[in-house]
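Quick setup: one chain, the form predicted alone, written in structure tokens, and binding and motion questions come after.
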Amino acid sequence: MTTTSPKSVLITGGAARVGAMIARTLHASGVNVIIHYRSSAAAANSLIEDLNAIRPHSAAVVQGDLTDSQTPTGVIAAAVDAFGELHGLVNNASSFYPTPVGSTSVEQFDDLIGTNFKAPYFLMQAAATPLRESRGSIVNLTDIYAQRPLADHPVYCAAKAALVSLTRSMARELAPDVRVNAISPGAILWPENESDDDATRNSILDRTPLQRIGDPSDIANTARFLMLDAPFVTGQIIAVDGGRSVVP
């Protein structure tokens, strides 16, 4: 009897929050995971220790600043080396902060475009060959704000809108061997390092038909579906937003 090796998937920004939940969910489905991080070394190493304790030699880690033009190629190479092949890429790493018109710096612009659009493109480009060989899948994390811009965040919103278009383009470019889809989250976790603003949060909930924020598992389960259980789905942007995208 022959055995099939587990699939291996790279999750960028996979050390904490939604990225870590995606990693745990895929791992629980038998996938080997490669956790990318930029500066969250302790969280990343703690996560892979937990996962390897559950299933030995099933999780690896790779560090890199994705805004560095040389990093995406190196991250993909390290991911392939970790388990000998690559079956999936989850572009989850992101920067998010306001850039009001009139006060946006070039550094902020480059960072937001770099993490939310440029890095996913070059990661997908670098991963194209190994993913074609494995007939793999890509899942990008976009945002409801790609379609419904958030005040004071024009650069972030534009970067995520570009990623939506890129998802559809890459679905065509990499077909028929590689599927490319995206998840468009609504309010899942409130941003870190943001002062509590009950009025703003209540306003968001008032425009969400399900009247609550989502859970990271909502995104992770959708990522699992797109990665493992959707062989005839490509070029799609799946809204996971409690219905907010249907409210004017």
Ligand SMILES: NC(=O)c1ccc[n+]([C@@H]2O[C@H](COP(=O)([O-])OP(=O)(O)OC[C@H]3O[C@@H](n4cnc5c(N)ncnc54)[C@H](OP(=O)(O)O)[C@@H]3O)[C@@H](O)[C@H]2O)c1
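Numbering starts at 1 and follows the sequence shown. Keep in mind that what you see is a predicted model, and the values were worked out from it rather than measured.
Separately, the form predicted in complex with the ligand exists; it is not shown, and the next lines address it.
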item: In the predicted bound form, segment of 203 to 211, 23 to 31, 179 to 187, 49 to 57 with a heavy atom within 4.5 Å of the ligand; value: 179 to 187
item: Contact test, all of G64, L141 and K160, partner the ligand in the predicted bound form, heavy atom 4.5 Å; value: yes
item: 4.5 angstroms heavy atom contact with the ligand in the predicted bound form for T99; value: no
item: In the predicted bound form, N92 touching the ligand (heavy atom, 4.5 Å); value: yes
item: Any non-hydrogen atom of V18 within 4.5 angstroms of the ligand in the predicted bound form; value: yes
item: Non-hydrogen atom contact S134 with the ligand in the predicted bound form at 4.5 angstroms; value: no
item: Contacts with the ligand in the predicted bound form, stretch 27 to 66 (heavy atom within 4.5 Å); value: H36, Y37, R38, S39, S40, G64, D65, L66
